[in-house]
Ligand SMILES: Nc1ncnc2c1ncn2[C@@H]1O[C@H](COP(=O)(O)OP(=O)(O)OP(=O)(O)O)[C@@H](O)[C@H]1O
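The chain below stands alone and is given as structure tokens, in the form predicted alone.
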Amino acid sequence: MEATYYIGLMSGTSLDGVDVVLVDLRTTPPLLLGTHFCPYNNDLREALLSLHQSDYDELHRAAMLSNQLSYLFAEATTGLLESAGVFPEQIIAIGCHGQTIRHCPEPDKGYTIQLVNAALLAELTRITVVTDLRSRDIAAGGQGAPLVPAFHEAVFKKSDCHRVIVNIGGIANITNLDPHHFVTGFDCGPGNVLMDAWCLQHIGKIYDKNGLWAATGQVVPALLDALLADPFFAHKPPKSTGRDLFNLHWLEQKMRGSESPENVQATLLQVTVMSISRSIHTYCLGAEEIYICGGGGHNSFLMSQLTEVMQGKKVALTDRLGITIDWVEAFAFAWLAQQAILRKAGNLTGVTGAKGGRILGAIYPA
């Protein structure tokens, strides 16, 4: 059979599971042909979280988790192919982001780690795998993230409208699609990562559905100011971040200790809202339309608060643009796999700050 399709695999900072999509990239716009989701169980989630800090035997644990994740990625791929009625021979490549456990692009460190055993994944699926998509950009002096703006440009940019795409995953990032300028983008701060962690710690749920718990609280002004005073928010792009910065330890250092849990949750939601809105007002002047993707788009309270502070600008979900919010990132990594296979640059210097366009990813043939 002639290979025509790509698969995108995305497992993000939220640690909820793996999103996988089947796409046809021959058309304009590209077509989303199928989707599948495999959740992480609690043991896997906790094991991954434990690797964000140095501890005993972490090299062995990381290697074993890479194998475990690769089996799960293969299971997700098989489930997708079966539901779509497509054979492995019809897939050109899988673009696999892997599971980030460290992201340290600073010049004195210059590395990023996403767990996946790509050789094992290629062996299990009998499909070529493209992975390690961030390292080359970092080697070229870039942040290695966010990588989705290049895809946003390819599928969402219009010549007659200034759009902004906001991905609210564990971390929130912005793509500025100004028709009169080069595309820019950056991580603007925490998306769901702090809200999810606080929610799990205090009410035993992995996320705050629709923001209902946050809506019962009141924003604590002193805590909000302390959180937004972190130097990351004032730092000019290009910039990227992750759990290395935004975690419960970071939060607890800035608390007085007397705040009620629901008020902290309300404040964390406001941090996400304010960091997004301030970034758009500062770096996306003249934006007319704002489109949200990622899990944060399901948080109706977050969406209402963001719409309110955006002062009458059109705020909608990327569903309006043809790709539902849950699948945009996985779609982007299928597209990045194609860029690698075609030997085309996958990064944008105006986003990551790299010295130039680079072909991203390591290729593991089927």
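Numbering starts at 1 and runs along the sequence shown. Just so we're clear, the structure is a prediction, and the values are computed from it rather than from any experiment.
Not pictured, yet referred to below: the form predicted in complex with the ligand.
Interface residue among Q90, N247, S260, N210 relative to the ligand in the predicted complex, by the heavy atom within 4.5 Å criterion: N210. Taking a 4.5 Å heavy atom cutoff to the ligand in the predicted complex, the contact residue among G170, G217, G142, P237 is G170.
Only one segment in the set 311 to 319, 26 to 34, 298 to 306, 52 to 60 has residues whose heavy atoms sit within 4.5 Å of the ligand in the predicted complex; it is 298 to 306.
Contact annotation for the candidate site: E153, N347 and G353 all lie away from the ligand in the predicted complex (no heavy atom within 4.5 Å). Among residues of the shown chain, P146 is not one whose heavy atoms approach the ligand to within 4.5 Å in the predicted complex. Although the partner is absent from this view, N192 contacts the ligand in the predicted complex, with a non-hydrogen atom inside 4.5 angstroms.
At the 4.5 Å threshold, heavy atoms of G294 reach the ligand in the predicted complex. The closest non-hydrogen atom of V21 lies beyond 4.5 Å of the ligand in the predicted complex. In this stretch, 305 to 330, the one residue having a heavy atom within 4.5 Å of the ligand in the predicted complex is E329; the partner itself is omitted from this view.
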